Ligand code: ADP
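Okay, here we've got a single chain as C-alpha cells, the form predicted alone, with questions on binding and movement later.
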C-alpha cells in the first residue's frame, strides 16, 4: 500500500510517499518559504527513477498551491510514481494536539474540532496542520486522512507521571494534564532501541532540535516525558523558556504592568537559548560565539544541565538506565552538547569508545563493555507515522 506522510510547518511543507510494508520511499518533496513573494526552495525526487526536480526560487503562494504542485509531479507521466490519487491508500500527518483525541485517529469533523479547540495551546502547530488537512480533503475527498498525534506514544504513562498537583477538577473538567509531544520521534527511537537491546530495557530518548524533549522509555513504552500540557515546558527551547516558576507571570503582570500578550510573546519568542545568549535561536550560531561570548556559553551550559537533570531523574524513576539515545538536529549533529551531557554519567559506568556519529545511520558511541550504551539515531518521524498508519484498518 502507498502511504503519503505530510509534515506541515509555518512556512514549509514536507512529503514522503512510502510503499508499505516494505518501507521503501517512492518519492519525497520539500517546499520552503510558502507564502513568500520572493519564492523559496521546491525540491522533488522520484526515488524509484532517480529523477530530481529542484527550483531555488519557486513562488508558492499558499499551502494549496504547494500541495497541488507536489501532487502534479507525483502523478505525472515523466516524474511520477503513481497513476493517480486513488493509488494513495491514506495520508498520514504528524499532528500535534486535538482535544479528546490523543492517539492515532482517522481525521473526521470531531478530530478537526478538537484541534481547533486547542489552538490556544498549540497555535504554532495546529494552525498549519488544519490548513494542510483541509486542503488534502478538498483535493482527495475519497482518501482517508489519519492523524498520528504527537501525544499518542505517551498514552502509556502512568497516572502519577501525567497528573499535575493542581486541583483534581482541573484534570476532570478541563483535561489539564501532561500529554507529551514528539511522540513520532520518540516512538521511532524506541523501535530502534528494541532492535538493538531486546524487549527489556530502560532508556532515555533525547529529541534535541528547534524544540526539544526527553522521554523515559521502559521496555519500548513511554513512562515519562518532559513536555507537558503544552510545548512550552521542559527543556529550554531555542526561543521558548521551558520550565519556569509560574509566579513569574503574576509578578510581571501585577507589579511590572505586563499584559498577558507581552508575557506570552516573551516566553515563546524571546526566551530559551536566544533569551540567555542574546545571539541567536540557532544553537550552531551560539556554539560559534561561545568562546568569546560569556552569555552564549552560559546558554549552552544551562541547556546541557537541564538535559542532565532530566536524564538523572528518569534513571532514578526507572531504577536504572541501559541507554541514552540522541536524535533531532542538535542531538545528531552537536558533539559539543552530547559531550557536555555525557560527561556527567561516569557514575553509571559510561565508557565512550572515542568515535563520532556517522551521518545518516544509527551509531553506537560507547565501548563494548560499557554498561550504559549511547546511540545517535537519525530522526525519521515520517517512517514512524507511515508504520502507524499502515497498522490501522481503514
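Numbering follows the first chain given and starts at 1. Please read all numbers here as calculations on a predicted model, not as lab measurements.
There is another form of the same protein, the form predicted together with the ligand; it is not shown, and what comes next is about it.
The ligand in the model of the complex: contacting segment from 327-335, 37-45, 341-349, 63-71, heavy atom within 4.5 Å: Looking at the partner contacts, the answer comes out as 327-335.
At 4.5 Å between heavy atoms, is residue 209 in contact with the ligand in the model of the complex? Looking in the model of the complex, residue contacts with the ligand include residue 209, since a heavy atom lies within 4.5 Å.
At the 4.5 Å heavy atom threshold, is residue 315 in contact with the ligand in the model of the complex? Heavy-atom contact with the ligand at 4.5 Å: absent for residue 315.
Interface membership of residue 287, the ligand in the model of the complex, 4.5 Å heavy atom rule: Yes, residue 287 sits close enough to the ligand in the model of the complex that at least one of its heavy atoms falls within 4.5 Å.
Mark residue 238 yes when one of its heavy atoms lies within 4.5 Å of a heavy atom of the ligand in the model of the complex, and no otherwise. Looking in the model of the complex, residue contacts with the ligand include residue 238, since a heavy atom lies within 4.5 Å.
Contact residue in the model of the complex, chosen from 126, 271, 135, 281 - any heavy atom within 4.5 Å of the ligand: That would be 281.
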